[in-house]
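The chain below stands alone and is given in structure tokens; this is the form predicted on its own.
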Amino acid sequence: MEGWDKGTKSTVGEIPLMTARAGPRDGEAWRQRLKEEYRALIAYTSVNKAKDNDWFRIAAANPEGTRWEGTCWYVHNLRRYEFPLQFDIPVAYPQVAPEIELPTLDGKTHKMYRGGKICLTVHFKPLWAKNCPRFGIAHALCLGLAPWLAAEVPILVDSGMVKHKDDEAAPAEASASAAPSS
């Protein structure tokens, strides 16, 4: 945590750490871990809202809690850019961090793998390994996805690879209004 700014340290310090060392194959121990994951996500969401920094919605997409889906967004130049978010909990979890996917950005940046999986190998994976099994989904979002969005979205927007939803709708509306009516 020595290289982090005070805001990041403060936020990470408010996310509860996991105690259950269990993955999806561990039956009742996994259900206990899943409860801890939900508590941490609720705490992280509460912290974000209190700091007026709400930037994602996420929920388990299946009852087992092995598939997660949601939405994340980033504000750049006073415009909100929103992206679908998804990931699976790896079989080797919590030893292996989840691979967070933003499928609509697939192929738009070099800091992404096939399928829209964001690149977290250099900075986040060593941090995850060092803090295993205490880190969970909320930590992956806070220390993996949030910095990735902050680094990549402005570049993608400024290069024209990502367009704001209002800018995408405007040309379609203009061509529809210019079409002759019968």
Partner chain sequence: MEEEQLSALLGDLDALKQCPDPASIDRMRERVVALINSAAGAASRSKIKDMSAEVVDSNPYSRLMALQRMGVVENYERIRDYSVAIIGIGGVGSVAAEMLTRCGIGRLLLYDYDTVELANMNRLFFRPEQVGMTKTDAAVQTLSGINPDVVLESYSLNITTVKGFETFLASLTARSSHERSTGVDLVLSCVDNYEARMVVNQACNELGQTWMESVMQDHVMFHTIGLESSVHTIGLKRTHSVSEDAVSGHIQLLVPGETACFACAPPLVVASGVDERTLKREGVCAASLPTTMGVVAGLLVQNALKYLLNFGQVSPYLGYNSLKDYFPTMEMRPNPQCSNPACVQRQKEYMDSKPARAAAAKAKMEAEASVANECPVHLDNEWNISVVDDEDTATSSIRSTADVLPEGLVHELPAADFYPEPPATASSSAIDDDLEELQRQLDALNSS
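Positions refer to the first chain, counted from 1. It should be emphasised that the depicted structure is a prediction, and the values quoted were computed from it without experimental measurement.
Only in words, not in the display: the form predicted in complex with its partner chain, which the text now covers.
Proximity of Y74 to its partner chain in the predicted complex: non-hydrogen atoms within 4.5 Å are present.
Using a 4.5 Å cutoff between non-hydrogen atoms, P90 counts as a contact of its partner chain in the predicted complex.
The shortest heavy atom separation between K111 and its partner chain in the predicted complex is within 4.5 Å. Though the partner is left out of this view, L41 does reach within 4.5 Å of its partner chain in the predicted complex, counting heavy atoms only. In the predicted complex, the residues of 39-57 lying within 4.5 Å of its partner chain by at least one heavy atom are, in order, R39, L41, I42, T45, S46, K49, N53, W55, R57.
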